[in-house]
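Below sits a lone chain in structure tokens, taken as the form predicted on its own.
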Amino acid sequence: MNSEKAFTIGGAHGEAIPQLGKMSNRHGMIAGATGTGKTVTLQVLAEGFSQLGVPVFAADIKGDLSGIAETGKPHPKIDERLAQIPLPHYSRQGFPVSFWDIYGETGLPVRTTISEMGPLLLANLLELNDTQEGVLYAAFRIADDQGMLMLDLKDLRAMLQWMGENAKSLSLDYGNISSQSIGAIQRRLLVMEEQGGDRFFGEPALELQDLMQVDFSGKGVINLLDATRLYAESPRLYSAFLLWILSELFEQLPEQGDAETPKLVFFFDEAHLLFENASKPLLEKLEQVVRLIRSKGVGVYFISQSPMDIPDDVLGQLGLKIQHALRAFTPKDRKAIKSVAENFRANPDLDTASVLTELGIGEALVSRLDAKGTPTVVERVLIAPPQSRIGPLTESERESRVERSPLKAKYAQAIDRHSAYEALKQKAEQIAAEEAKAAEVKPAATRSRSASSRGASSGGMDIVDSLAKSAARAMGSQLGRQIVRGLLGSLFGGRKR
């Protein structure tokens, strides 16, 4: 290696195979069949980026990555690998790690608000049809127009209930709002609440700068999301969360020119989940973000069993490709292997398709970008051994690190501030109390006629209409402006009516 910032991925022909820091915002991929070494390769890359001073975010789906916080242990197989790869600066060590968990059980709670998530991702998360999605967009637009904050699930439920009660008058400005669609969305929200959505949506919302920290020694902090339960119970929430972070990074980070290293490297494990259930508009926006976010200094790395899980428009943007072994059990498998081999720049000394089925654990076919940004020919590489522990931390080891986190005081306790739910409830109670008081001073006959008149009216439309206006004035005086959502409410959710 020259003086450029780089770390070693592995070795081939007795030489180190480096990953250049300045090419690491050109994205990448780790692929291969189950049990071929993808998780350890991810660990090696995360360590390398951390040593370059680059913060890392990764989802830990199997629970195996947490050992990266602890010093590795000697092992004969590691010694054997070290004898085959030139790693003069290898030393067993742990790395700085921040642990996160949507459920707040094995890491710091991680949250965002309904408004920041935006309607497009929420519609995909809730598996809404086009009509239901239109109603959800209307809910966001009405919240903006009325100056109401939608922070958690009860805010959205309250807004939908109000829309259902006022569907007739709202339809003039926001289109048809059917009670069936409202009911369907409400039922989906209840399901999502059971899957942990009630903990994920709320405040304090995650500030992305807290994912971009460097420790006192200059190492990038590795942020691990414990996704073992999340992935098993709610894979859609898992993918929506990762997409939200990626999109917020795109919106919030300034453009940067060519730099020696990225500002952040982001790993998407089980990447097929991001694409297989995405609606066409969401898929288009995801491809757009992946294409443009490298100019913000963010490198995106997908981990999946096969490159075929990733759309061609995304696959073509990946600078680092690490392909572990594939299995050729069926004609479909053999066809996939041929397609995968064609994604690499050919090496005249290597039969790529044949080697794909012969690779051992910890071996991979690797293509990367050289200093000029040109893809190198594919090489058969022995992946370097991790410097940290292979396997998870114990429960007590993990708990002690979470307790010592400098971010614990910021995120541990949930906050429930005044928002749409409280505003609507407060105004409804106020109006009901005023009406009850007025009714007490009226003669009985007048009260009877008044009650009859109200029964023949639109079922309390005037009350709720007044409520909305009062709430809007109250909220508007505090905010002084319309609510501004994050990128998922603008880039991912900015569809105009």
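Keep in mind it's a predicted model, so treat the numbers as computed, not measured. Numbers follow the displayed sequence, beginning with 1.
Heads up, the form predicted together with a small molecule isn't pictured, but that's what we're talking about next.
message = Given that the small molecule is not shown alongside this chain, does residue 432 nevertheless sit within 4.5 Å of it in the predicted bound form, heavy atom to heavy atom?
response = Taking the distances in the predicted bound form, the answer for residue 432 is no, it never comes within 4.5 Å of the small molecule.
query = Taking the shortest heavy atom distance, is residue 390 within 4.5 Å of the small molecule in the predicted bound form?
reply = Yes, contact at 4.5 Å.
inquiry  = in the predicted bound form, is there a heavy atom of the small molecule that lies within 4.5 Å of any heavy atom of residue 361, even though the partner is absent here?
reply    = Yes - in the predicted bound form, heavy atoms of residue 361 and the small molecule come within 4.5 Å of each other.
inquiry  = Under a 4.5 Å heavy atom criterion, is residue 305 part of the interface with the small molecule in the predicted bound form?
reply    = Close contact exists here: in the predicted bound form, residue 305 approaches the small molecule to within 4.5 Å, heavy atoms only.
task = Work out which of 385, 202, 297, 147 lies within 4.5 Å of the small molecule in the predicted bound form, going by heavy atoms.
result = Answer to the contact question: 385.
ask   = Heavy atom within 4.5 Å of the small molecule in the predicted bound form: which of 29, 69, 428, 40?
value = Spelling it out, the residue with a heavy atom inside the cut-off is 40.
query = Each of 33, 62 and 81 near the small molecule in the predicted bound form, meaning some heavy atom within 4.5 Å?
reply = All three within 4.5 Å in the predicted bound form.
key: Interface stretch in the predicted bound form with the small molecule - options 205-213, 119-127, 408-416, 376-384, non-hydrogen atom within 4.5 Å   = The contacting stretch here is 376-384.
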